[in-house]
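Read the single chain below, which is given as structure tokens and is the form predicted alone.
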């Protein structure tokens, strides 16, 4: 017996997948051509699974800022901010994030994953309760486990179930942290946040909203679902990532609570992780400026999302949620999902293949993420290819 024996079943599953003739494990991005194009496995490919929602990965202001930071501050920080000190640019980015949300406090983390680990594991602890949506991202699950708090899941986007579980906690509800997401990454559906906030207020709980997939997308200023539903005064903390709409890497948390900044002195994922490198901080700060100066990017994203959504609906696909930046086509079974994913790839289109156990309710999904940088010609080709594959495999 060995500790590695636990991976035998996983190996068998992987081998069966490879024998099907589809190999999603060895897809190589050989060259990035633009925010929406790449050479993948030797083929010119349209990227429809990159989460590059506003297309900022090649924005000239971001590129220039990254070059300048590399020239002036080098390639990396070589340690954590607690041990090695903060670069001035770390502070500038935190000020920019706080200003963007019109909130007094911001903390920057090295990844979005680290942001959830760092905030959730520090806000809640032994003797507390975390009430989380069952469809939450893996980083939320892991942050909750790391906290040592009691973890209770409620049915996805079910306000009644959330309220029932809070009610059962009695006086413990005031020591309960509720965690939900603005836009859920698999199906693209939104939390019924206004109703959830009302329940949270009723019981005196604390709420964290992960806006990873809604930053730059929802709300008049692009601040996410919290802004769109007018809950900015009620939500206790917003977490998010720079790796979607801002085209970078890293994560953040913002809050109006006067003690929020103390988290950086207690959060192990913050204290013991190397801080973001100068070029990443610079490109992220520049991307925030672009988002604020160019609301037309958000408008173009929504125009593109509507075009793709309507194209897939017209072709007869069942989609996971209302129109949005994440558009997930539901496929009846794993074999068809693999075949259609491969068919899209052969037509020069890359989408995310999502199969159980990674998906909600055991669904098989072809998950698209729309970008403001997608052209009309690209979207037409994507819709036509989906239609062709629907006629070929799902009729």
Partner chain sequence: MTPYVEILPQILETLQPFTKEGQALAEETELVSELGLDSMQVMQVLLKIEDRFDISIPLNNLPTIRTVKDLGLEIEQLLKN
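The structure displayed is predicted, hence computed values, not measured ones. Residue numbers count along the first chain shown, from 1.
Not pictured, yet referred to below: the form predicted in complex with its partner chain.
Using a 4.5 Å cut-off to its partner chain in the predicted bound form, each of 149, 155 and 361 places a heavy atom inside that distance. Contact check for residue 256: no non-hydrogen atom falls within 4.5 Å of its partner chain in the predicted bound form. Proximity of residue 105 to its partner chain in the predicted bound form: non-hydrogen atoms within 4.5 Å are absent; the residue sits far from the partner. Proximity of residue 260 to its partner chain in the predicted bound form: non-hydrogen atoms within 4.5 Å are absent; the residue sits far from the partner. In the predicted bound form, none of the heavy atoms of residue 264 sits within 4.5 Å of a heavy atom of its partner chain. Taking a 4.5 Å heavy atom cutoff to its partner chain in the predicted bound form, the contact residue among 134, 194, 313, 88 is 134. Interface residue among 203, 317, 302, 141 relative to its partner chain in the predicted bound form, by the heavy atom within 4.5 Å criterion: 141. In summary, the region of this chain contacting its partner chain in the predicted bound form, judged by heavy atoms within 4.5 Å and restricted to 275-283, 213-221, 96-104, 157-165, corresponds to 157-165.
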